[in-house]
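Here we start with a single chain on its own, the form predicted alone, put down as C-alpha cells.
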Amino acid sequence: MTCEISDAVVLITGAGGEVGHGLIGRLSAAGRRVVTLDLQPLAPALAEGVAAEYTGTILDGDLLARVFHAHRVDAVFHLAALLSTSAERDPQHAHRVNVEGTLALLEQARQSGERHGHTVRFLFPSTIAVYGLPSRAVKQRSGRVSEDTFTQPTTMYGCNKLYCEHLGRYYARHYRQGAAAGLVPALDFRGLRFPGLLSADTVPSGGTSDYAPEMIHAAAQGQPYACFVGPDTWLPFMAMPDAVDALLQLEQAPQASLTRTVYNVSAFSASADACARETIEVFPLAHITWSPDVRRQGIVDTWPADVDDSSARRDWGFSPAYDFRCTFRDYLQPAVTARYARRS
C-alpha cells in the first residue's frame, strides 16, 4: 500500500517499538498520514493506523530511497536503534545500525527536502547513555546534569547516539558550509535525550535502564523478579505518554524558539529501591530481589542520577504530566494489569 506522491506523510522508523506505538496512535488521531519502516511487520491493530508500511532494515539503501521517492516526507521520527545492552554484545553491528543507518536516513531526508522545496523536520530520540560520569561519587554529587557536561560515554550505544547528535547538528546548521552562499538547509534536526522510559503497552526490549519496567511487568504476571542493579541505584525516568508528548511538542515548536538542537527531558528521578517499593504498593504479591550484574551496574553508574531539562521547559514548554507516584498508580498499574488479564 502506498500513498500518492503529493500526500505529505510522517515517516517513523522502528515503529514497532515502545515509542512507535504511541506515536502512530497520536499522529493518526490527529489526521496525519503515517508511513512506517521496521524490521518486522506491525501488529495488525497497529498497522490499521498507517498509510503505508515497509518492512526491512534502515541499512538497506535501496529501500530507504524507495520510501522517500514514493512519499513526500515532511517529518521523520527516527526511532530505529540497537539499544545499550544489545549494542554491547555486538558493537560493530550497533555502529552500523545506529550510526550508518542514521547517516543514510539524514541524507535521504535532506535530498527529499531539496527535491520538494521544503525543510524536513528530523526528530531524533537520543539518550542519557551519551553521558559518562567517571565514578559513583561524582554521580552522587553532580546533581542535575546539563546537556553540555560529562559527555564522555562508556558504551557503544552512547557513543553512537552522541555522534549522531553531532551529525544532525551538522546537517541542520553547517551542511556543505564551503558551498556557494545562500544554500538553504533542507533538514531541521531536533533531538531529545530520553531518560529511562516506563511503558505499559510494550515489553521492555534490552535497555540498561529497563529494570524499572521489568519489575512491574513481572509483578503483574505474578512472576518473581531479580533486579540487575542495586537498590541504591538512581536514574531519571519518565512515563511513555510523556515521552510521546515531548516528541510531538518538539516537532511542532517554532524553530525560532529553539536554542539547541538536542534537549534533555525527564519527569522524575528515583532509586531502584523506590521503584521496587512502589511496585509492591500497587502489586502487593510482587516478589523483588536484588542480583546486581557487575557489568550492567557499571554502565548505569556512569549515567546521571538526574538531568537538567530547563532548556526544554523554557524553549518549547515541556511539562510532563506524570510524576513518580502517578506513573506507577495512574498509568502503569491499571494498564499493565489489563494487559496481562487479557492474556489469562
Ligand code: AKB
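Numbering starts at 1 and runs along the sequence shown. What you see is a predicted model, and the numbers here were worked out from it, not measured in a lab.
From this point on, the text means the form predicted in complex with the named molecule, which you will not see here.
Undergrad: Just to confirm, with a 4.5 Å cut-off on non-hydrogen atoms, which of G191, G113, P153, P195 contacts the named molecule in the model of the complex?
TA: Of G191, G113, P153, P195, the residue with a heavy atom within 4.5 Å of the named molecule in the model of the complex is P195.
Undergrad: Go through T102, S84, S266, Q108 and name the one with a heavy atom inside 4.5 Å of the named molecule in the model of the complex.
TA: By the 4.5 Å heavy-atom cutoff, the listed residue in contact is S84.
Undergrad: Is it true that A200, P241 and F328 each have at least one non-hydrogen atom within 4.5 Å of the named molecule in the model of the complex?
TA: Not a single residue of the candidate spot has a heavy atom within 4.5 Å of the named molecule in the model of the complex.
Undergrad: Pick from 215-223, 258-266, 135-143, 122-130: which stretch has a heavy atom within 4.5 Å of the named molecule in the model of the complex?
TA: Going by heavy atoms within 4.5 Å, the stretch is 122-130.
Undergrad: Look up in the model of the complex whether G168 has a non-hydrogen atom within 4.5 angstroms of the named molecule, and give yes or no.
TA: Output for G168 is no: heavy atoms all beyond 4.5 Å of the named molecule.
Undergrad: Should T208 be classed as touching the named molecule in the model of the complex when contacts are defined as heavy atoms within 4.5 Å?
TA: So T208 counts as contacting the named molecule.
Undergrad: Indicate whether F77 is a 4.5 Å heavy atom neighbour of the named molecule in the model of the complex.
TA: Heavy-atom contact with the named molecule at 4.5 Å: absent for F77.
Undergrad: Could you list the residues in 144-161 that come within 4.5 Å of the named molecule in the model of the complex, counting only heavy atoms and keeping sequence order?
TA: Only a single residue, Y157, comes within 4.5 Å of the partner.
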